[in-house]
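Only one chain comes next, encoded as structure tokens, the form predicted alone.
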Amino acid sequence: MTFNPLEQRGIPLDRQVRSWRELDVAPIDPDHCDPYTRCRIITMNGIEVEAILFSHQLARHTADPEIKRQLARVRYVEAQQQKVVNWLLPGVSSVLETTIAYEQVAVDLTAWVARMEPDPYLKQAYQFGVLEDFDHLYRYANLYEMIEHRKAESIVDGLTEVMPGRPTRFHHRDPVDNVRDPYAKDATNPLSKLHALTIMSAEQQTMNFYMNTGPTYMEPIARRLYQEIGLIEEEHVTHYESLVDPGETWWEQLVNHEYNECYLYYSFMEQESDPKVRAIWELHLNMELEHLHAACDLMRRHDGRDPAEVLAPELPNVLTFEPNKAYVRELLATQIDLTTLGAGYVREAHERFEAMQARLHGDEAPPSDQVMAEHQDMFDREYRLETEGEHPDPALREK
């Protein structure tokens, strides 16, 4: 069934503010929930945070008080949505358990987007990034067993494998080599715009999460690992945000944000297995439909254009959380040795890359290597979850 948000009306904006009782949602049960329900929650939290931050930036760049007031009305509702979504996460989960779920999102969301992306250059950007988040999942899983003496399979539930990706020590690049070429806004497929905005938002939330939770650990190895991977997440945000055409007007960006929220809430509503969570996705979709219409009105008034010129005429196929094991294994076998040079990709360790590595690492092992050495000393093995056989790269098979 096709669904065109531009033809649908939702809950009127003046009826969207919720009471404390309505905001007080029951969290999911981490021991019995579908792991992909948790992934959808983490994704939508990142999407709502980006919507709020973008609205603030737009408000800071306009002198029109009526625009500021309209943005504030919608933004307050977005803030309530973010609180409801993020408060679905259970307080009994540790920071590391939530971290492992964040990395499961990064792997399976980015891999699915890479599979579906029609533009070869954008597809390559997602393929490159997913192998790095895949390795972060592996490092955090080993830290989890060291600190909490539990296994990550209790979180990922066998849906996502845990084994080495592109080694984290090699993710540290000269900042200029993290900037990609943008898509051309008037020529690119509208789906590509949604993909870029989704992955940028998810990675941005991961960056924010690590920069705030990393120092809450007492264990030195945990503090160091969060610091290292937190820096890499900044690189990833640079990598993905540079894919967005900077020539998009504020109003184009606004309608893209609201349309993307409709797309994702609709997608997650269609596949959600938890009825209480599904009801939240449906409610938020009906709110976002009105946010989209409000944004479209602002675009017509201040940009002088019809939003239908830049938006898809109907929602694409639903964005789906599902296992991507075969796809990730194919990338591990063919792209694990890539790095970036300018806006492209190479297999050779070039001068800028080597200089950054030397400046950052010096003669020391980075925290991502230290955690593996400490885990080996403690358990005389690595933690892995290889459900589909041995690692596709012979050099990274467990010895």
Partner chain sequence: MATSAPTPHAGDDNATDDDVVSLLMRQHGDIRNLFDEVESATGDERRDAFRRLVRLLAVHETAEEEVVHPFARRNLPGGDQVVDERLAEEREAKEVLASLEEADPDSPDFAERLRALRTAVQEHARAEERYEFTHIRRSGDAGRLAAMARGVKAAEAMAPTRPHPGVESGTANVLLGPLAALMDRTRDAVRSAMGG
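The structure presented is a predicted model; accordingly, all values stated were derived computationally and were not measured. Numbering follows the first chain given and starts at 1.
Unshown form predicted together with its partner chain; subsequent notes refer to it.
- Looking at residue 153, you'd find a heavy atom of it within 4.5 angstroms of its partner chain in the predicted bound form.
- Remark: residue 306 does not count among the residues lining its partner chain in the predicted bound form, judged by a heavy atom distance of 4.5 Å or less.
- Mapping the unseen interface onto this chain, residue 384 counts among the residues with a heavy atom inside 4.5 Å of its partner chain in the predicted bound form.
- Contact check for residue 247: every heavy atom lies farther than 4.5 Å from its partner chain in the predicted bound form.
- Residues placing heavy atoms within 4.5 Å of its partner chain in the predicted bound form fall in a single listed stretch, namely 85-93, out of 206-214, 307-315, 120-128, 85-93.
- By the 4.5 Å heavy atom rule, the three marked residues 14, 186 and 259 all fail to count as contacting its partner chain in the predicted bound form.
- Residue in contact with its partner chain in the predicted bound form (any heavy atom within 4.5 Å), chosen from 266, 144, 321, 251: 144.
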